[in-house]
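Taking the form predicted alone, here's one chain by itself in structure tokens.
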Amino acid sequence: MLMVLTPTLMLVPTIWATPAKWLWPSALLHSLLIALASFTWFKNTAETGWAFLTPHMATDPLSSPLLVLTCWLLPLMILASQNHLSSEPLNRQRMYITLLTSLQIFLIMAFGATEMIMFYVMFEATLIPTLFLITRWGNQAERLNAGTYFLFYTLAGSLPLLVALLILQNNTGTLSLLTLPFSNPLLLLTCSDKMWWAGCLLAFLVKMPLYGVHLWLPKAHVEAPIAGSMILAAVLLKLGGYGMMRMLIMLESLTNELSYPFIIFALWGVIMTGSICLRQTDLKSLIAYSSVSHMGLVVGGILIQTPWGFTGALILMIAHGLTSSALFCLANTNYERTHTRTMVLARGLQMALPLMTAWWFIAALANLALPPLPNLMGELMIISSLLNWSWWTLALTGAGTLITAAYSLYMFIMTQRGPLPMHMITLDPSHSREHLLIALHLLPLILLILKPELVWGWAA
């Protein structure tokens, strides 16, 4: 673990000591080396158990794909942010990269934690850099409102979790993930036990977000700068799914009855947010709502507690992380040229930037789960495990996948096809930096087709 964590910590003084000319190249190279070093976490010598154990941290087949995704995203965020920060003063550029690095440190410690309280502290700590990114580097005045929504939704959800963890510590005497699965099963019979169950999962359901407590997400995404949107869509939402998978081991007996309303909300949310996507005019808002829709499937897959559901949820989380991050990057390349997020005002870009259209096409197809991409593997595993649980879910998941395909194609056709508007006179050509950025998102996704067992998690 320290092999990746120490270089990430040392990246902070490197950023502040580097001369202005070499700031972005050195930060990019350093973070890319860290990302390549993190691939060693895939080598799990134990078939099912923990690897890379240190006193406070470890990886297992569930956390290692998420850890690698976290490390992979930092160089991509640095690549994506280079253009729109070039006009800022040098110290603010340094501060921005430092915030991104601190976010990676907190996320590595959250996904690697073997102790629930450490996970909780790091889960909360990721709020601070993200809030700074949204409220300081956002695009317009609405960003303060978005930051407030983001902060209060997440805090209101996660305070009950702290109380729930302290109660668990009181009852079992430990919060270590290594020993909790082997502690005596809890007898959860009273009404207060049901409240405790809800407290344990509420924070994660808000973070996912579950339909109904999702209003902070579109606001935060639309107002955040490109790096904020990327890390939010790709990794911060996955903290919720990861936390739910870890906590459900202790909540076994109650989940069978109490999970019904949450599964229904999640699957209804797939249809509702998909329908909202179909009438969106704002490109970033459309991609943000599509994240809520995909995460609804993940919540359903986790809450029915079958090995297939868990595996599908993990595959879909990784695939969605890469896909939605790529879509946000593509939306940002459009925004930097046209200075608008409204799709009607930035149509027909295939005529101007044909190679970008190829990237848009691949990303849109990945978003609608084209076979044989991992997105489809995850969705099929979740849908089949839900179908096994109840026949009625097929109506919801089937309609959900249909709507997903519809809004993905709507997004592609609106941004790329049709005549170029008359008000677009000078468009910058696409840069190698942008092509590299999208390629580094979509190549891992395509390569995962060849070796999906890397992200299968526990059921491998």
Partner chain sequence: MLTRLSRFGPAFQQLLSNPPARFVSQSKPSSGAGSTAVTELHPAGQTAGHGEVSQYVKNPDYHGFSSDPVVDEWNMRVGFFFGISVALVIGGTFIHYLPDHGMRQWARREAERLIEQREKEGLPLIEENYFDPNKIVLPTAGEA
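Keep in mind it's a predicted model, so treat the numbers as computed, not measured. Positions refer to the first chain, counted from 1.
Form predicted together with its partner chain: not shown, discussed below.
In the predicted complex, its partner chain stays beyond 4.5 Å of every heavy atom belonging to Pro13. Contact annotation for Ala17: none of its heavy atoms lies within 4.5 Å of its partner chain in the predicted complex.
Although the partner is absent here, Trp72 sits close enough that one of its heavy atoms falls within 4.5 Å of its partner chain in the predicted complex. Its partner chain in the predicted complex comes within 4.5 Å of no heavy atom belonging to Arg417. With respect to its partner chain in the predicted complex, the three residues Phe182, Pro371 and Asn388 uniformly fall beyond 4.5 angstroms at the level of their nearest heavy atom. Picking from 374-382, 270-278, 172-180, 79-87 the stretch near its partner chain in the predicted complex, with a 4.5 Å limit on heavy atoms, gives 79-87.
Contact annotation: of the candidates Leu402, Leu409, Ala395, Leu33, the single residue with a non-hydrogen atom within 4.5 angstroms of its partner chain in the predicted complex is Leu33. For the stretch 24-38, the set of residues having any non-hydrogen atom within 4.5 angstroms of its partner chain in the predicted complex comprises Trp24, Pro25, Leu28, Leu29, Leu32, Leu33, Leu36, in sequence order.
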